[in-house]
Ligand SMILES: Cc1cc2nc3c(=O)[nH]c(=O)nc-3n(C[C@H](O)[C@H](O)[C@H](O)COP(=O)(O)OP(=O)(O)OC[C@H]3O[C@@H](n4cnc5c(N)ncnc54)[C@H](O)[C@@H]3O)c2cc1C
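Read the single chain below, which is given as structure tokens and is the form predicted on its own.
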Amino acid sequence: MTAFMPRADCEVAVIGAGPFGLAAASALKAAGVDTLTFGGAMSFWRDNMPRGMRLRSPWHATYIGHTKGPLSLDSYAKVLGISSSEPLRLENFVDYGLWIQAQAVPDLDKRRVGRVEKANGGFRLALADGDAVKARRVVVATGLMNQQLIPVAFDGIPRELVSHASEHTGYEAFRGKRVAVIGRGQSACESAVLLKRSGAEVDLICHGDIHWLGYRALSGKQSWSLRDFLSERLASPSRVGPFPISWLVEIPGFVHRFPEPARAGLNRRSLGAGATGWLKPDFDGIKVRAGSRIVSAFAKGNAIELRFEKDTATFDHVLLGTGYRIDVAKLGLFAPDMLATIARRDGLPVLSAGFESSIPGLHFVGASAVGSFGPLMRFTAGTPFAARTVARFIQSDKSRNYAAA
């Protein structure tokens, strides 16, 4: 085996080796762009998702960059012998990402990038081990790292009493405990099911009723309205957002041209809380407190008390399935002076057609690009478009520079 030899510079540095990072690095390398990729392969999925989880995305919306050919999910499924008829298991998705990394990004540098600074002709990346790398361009693909949404009611509560769903890879420690799960999206609902399977007594607390995605088709109901028919039979490939605007979501380049208020409205309508219908049969035994608003939370010895508008309840632990709120400032990658020069809207960078920020050469893909390219960038389904677009933009810029020289 060849020993890993760190390099001091490159044309493009990709920060993050999750689905968007691996897809971007793979596309850049295929385009002949000198690229270094930093981070642990699929590390967020390995370290921040619970065992037993299945992906919400349908099969054809789970491709990491490659929709066809030897690096597609279909090719991987043939190698492993798994079926496309069932939601993909977490462990299979992680292995799929590692499989792509081994073939398309074999020189992955697993070291963490601690800081990105502007330098002459590009950027300087300070690594956690003290080394540094120079790059002409940087693609930030850090996903949901450090973006957990913690409601203010839980500020100051000891971490042994309240935690975010992303902090757990398993729930065995909660056997025999009474746990309140906050939220009504995929993360909250799936966590509630997995907690119940682990032997916990579970209450799901949410502002409104759970929106079950695709449950009518799953449950075999016979009465169909026109709306049901359109939603189920004419659903977009990624199934992100309600019909018919879900088909707009599938065209991020077109969404990028929307006026900002229209794009923000599309995001709000398409990224609402929802859970896959195949979880619903496992909700027997889970107490759902829909319409409950938490007024305050207090630690009471080894327990936590939640006060609602009309009553109170005490739990051994609160699990926050409250999702994420993206703000690039929380990445901790940029010094304050550099962060101040990144044009942002509600914490999200304002990006050009090439996913380039207001700092030339600094690109963002994945969840950070939702504000500029729409909801698809929040899901793996967005990796083919993002990777292809960034690679073409950077390759074209490289060609222009060579021609000018």
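Remember, it's a predicted structure, so these values are computed and weren't measured experimentally. We number the residues from 1 along the sequence you see.
Missing here is the form predicted together with the ligand; even so, the following discussion is about that form.
Across the options 31-39, 340-348, 66-74, 356-364, residues that bring heavy atoms within 4.5 Å of the ligand in the model of the complex belong to 31-39.
In the model of the complex, no heavy atom of Lys78 sits within 4.5 Å of the ligand. The closest non-hydrogen atom of Gly122 lies beyond 4.5 Å of the ligand in the model of the complex. Residue contact check for Ala17: one or more of its heavy atoms lie within 4.5 Å of the ligand in the model of the complex. Among residues of the shown chain, Tyr324 is one whose heavy atoms approach the ligand to within 4.5 Å in the model of the complex. Contact check at 4.5 Å (heavy atoms) against the ligand in the model of the complex: all three of Gly21, Arg112 and Gly143 pass.
Ser187 is the sole member of Ser246, Ser292, Gln101, Ser187 with a non-hydrogen atom within 4.5 Å of the ligand in the model of the complex.
Along 37-65, these residues reach a heavy atom to within 4.5 Å of the ligand in the model of the complex: Phe38, Gly39, Gly40, Met42, Ser43, Phe44, Trp45, Met49, Met53, Leu55, Arg56, Ser57.
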